[in-house]
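One chain is shown next in structure tokens, namely the form predicted on its own.
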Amino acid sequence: MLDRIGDRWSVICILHLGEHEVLRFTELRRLISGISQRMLTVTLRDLERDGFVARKVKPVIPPHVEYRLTPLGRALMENVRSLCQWANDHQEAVRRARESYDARALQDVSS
């Protein structure tokens, strides 16, 4: 479960779907920079399997596939937003901690 909700692409999909009522596959792909068509397909399939996303195929040519968050997905989105806010609020402290750690590790190697 944590693998899914902690996955980079899953988090981004959940956030974008939370900002829009419904998104078609192509719209979602345009919104997510750097994701391949295959990775988006796999991510959405996994999120649908876990009950976070609902998929609807419209019977037109070519078929239109729409995605929306389920109630479970919306509940998760609120927690994901909080986690993203925490990350934004603390990114500078994490950067400083990493620099301090790397400096100590480099000093230990040269000793």
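Just so it is clear, the model here is predicted, and its values are computed rather than measured. Don't overthink the numbering: it's just position in the shown sequence, from 1. Just so we're on the same page, rigid core means the largest C-alpha set that superposes within 1.5 Å between forms.
There is also a form predicted in complex with a further copy of the same chain; it is not shown, and the following applies to it.
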item: Contact flag, D102 vs a further copy of the same chain in the predicted complex, heavy atom cut 4.5 Å; value: yes
item: Partner proximity in the predicted complex: D50 to a further copy of the same chain, non-hydrogen atom cutoff 4.5 Å; value: yes
item: Non-hydrogen atom contact T26 with a further copy of the same chain in the predicted complex at 4.5 angstroms; value: no
item: Heavy atom of A87 within 4.5 Å of a further copy of the same chain in the predicted complex; value: yes
item: Residues of stretch 57 to 92 in contact with a further copy of the same chain in the predicted complex (4.5 Å, non-hydrogen atom); value: L72, A75, L76, N79, L83, C84, W86, A87, H90, Q91
item: Threshold 2 Å Cα movement between this form and the one not shown for R8, core superposed; value: no
item: C-alpha of V22 off by 2 Å or more between this form and the one not shown on rigid core; value: no
item: Flag for A93, CA shift 2 Å or larger between this form and the one not shown after aligning core; value: no
